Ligand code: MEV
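First, one chain by itself: the form predicted alone, in structure tokens.
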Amino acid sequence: MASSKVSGFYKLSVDERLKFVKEFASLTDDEVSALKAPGALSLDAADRMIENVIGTFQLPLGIAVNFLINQKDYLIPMVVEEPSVVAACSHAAKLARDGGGFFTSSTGPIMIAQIQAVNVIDPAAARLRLLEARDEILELANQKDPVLVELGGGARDIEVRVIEAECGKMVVTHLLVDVRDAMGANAVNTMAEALAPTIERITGGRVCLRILSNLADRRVARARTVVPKESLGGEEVVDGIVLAYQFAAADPYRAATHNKGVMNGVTAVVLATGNDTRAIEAGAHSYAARTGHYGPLTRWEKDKDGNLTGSIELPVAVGLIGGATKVHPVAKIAVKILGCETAGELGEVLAAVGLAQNLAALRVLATEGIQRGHMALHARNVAVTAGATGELVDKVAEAMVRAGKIRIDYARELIREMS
């Protein structure tokens, strides 16, 4: 099998990069043409995806290289507008590769539907009545999606909570549904709607909301890695990364930016594969606060040999069937490039990418600082904004970086001098 380890991938032309990806993922000529097309998503297809369509909006699709996950090579498609994200992710994957890459695991694809009952006279007793009716509730839920059941999924269990609210006590039933390779929102929402009359009959209350929860804490992916201290530049760098993590663990102001770095990678892959970025973001940040203290999604430690060990755990409500994943032509190609066969595998890839992206950010913070590399890449955007074209873009960007003056007024001055 081809390796995802690539040296100087960024130095290749776009056509050369596409040739490499085509051979790695066995893309067809038509798929390569779709990737190169300025508007791969037709207006007709866009009009079927959302309402009130007037056009399409494009973002760059890049490839993160060097990923080795469970001893399998991956190329990672990422859609993102921010400079340095793809390059940083690729570099971190290369560092992790020196220690064997990433090792991942995940739970089953369980999503939660919530059914809220209010005006319940005896909430504690109603909770027990609902638990006693578990088999009836599960049978009714599964009648709403026989195809999912046939595929090995379906409603698995219920939980019932009594919640203190401003309006008084409410009884909330959680329906736990195995959604297989779907994201699962439609399946669980349909089941929740169907259960409302039964919940009202059993509790004696009134059902209000019946909808999925995006805190998918039963659908979790995990990744870990060991990065040799030599690859990072020594034990001092390892100590710096651990201290940066500990800062995030102690302070929610730092944790917010720490987790933003994690999601730079995760969201880019979610978007590339046509999944729901808002659901993933909401789930990740609520998961980070599930203990009552908002903290980091990752954990970094030093092992007995002085090497860096990292781990991550996050909810991953993503799918490979339905939605934009099967409608958007480039999303379909992105899934093919990834080579994921199940939604669980995709979730584990997301965990590895999030860990890699966080490693990249913390390594830079612990050494030269975030601005040096980030602003060097940002300089190209500034040059283009100032009016540079062709080879002049790189010349102006390099001159700004050398001078340490990455500003649009200086870029315009350089363009005048070099033109």
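A residue's number is simply how far along the shown sequence it sits, counting from 1. Predicted model only: the values in this text are computed from it and were never measured.
Keep in mind that the form predicted together with (R)-mevalonate (MEV) is not shown, yet the notes after this line are about it.
Exercise for review: From the candidate stretches 387-395, 358-366, 27-35, 53-61, select the single one in contact with (R)-mevalonate (MEV) in the predicted bound form, where contact means a heavy atom within 4.5 Å.
Suggested key: The contacting stretch is 358-366.
Exercise for review: Counting non-hydrogen atoms within 4.5 angstroms of (R)-mevalonate (MEV) in the predicted bound form, say which of Glu139, Glu230, Glu82, Glu132 makes the cut.
Suggested key: For this set of options, the contacting one is Glu82.
Review point. Which residue among Arg254, His91, Lys144, Lys169 has a heavy atom within 4.5 angstroms of (R)-mevalonate (MEV) in the predicted bound form?
Key: Checking each option against (R)-mevalonate (MEV) in the predicted bound form, the one that comes within 4.5 Å is Arg254.
Review point. Should Arg219 be counted as a contact of (R)-mevalonate (MEV) in the predicted bound form, where contact means heavy atoms within 4.5 Å?
Key: So Arg219 does not count as contacting (R)-mevalonate (MEV).
Review point. Just to confirm, Gly347 within 4.5 Å of (R)-mevalonate (MEV) in the predicted bound form by heavy atoms?
Key: No.
Exercise for review: Spell out, yes or no, whether the shortest heavy atom distance between Pro296 and (R)-mevalonate (MEV) in the predicted bound form is within 4.5 Å.
Suggested key: Outside the cut-off, so no.
Practice item. Answer yes if any heavy atom of His258 is within 4.5 Å of a heavy atom of (R)-mevalonate (MEV) in the predicted bound form; otherwise answer no. Key: Residue-level check for His258: yes, a contact with (R)-mevalonate (MEV).
Check your understanding: For 264-281: residues with a non-hydrogen atom within 4.5 angstroms of (R)-mevalonate (MEV) in the predicted bound form?
Key -> Only a single residue, Asn264, comes within 4.5 Å of the partner.
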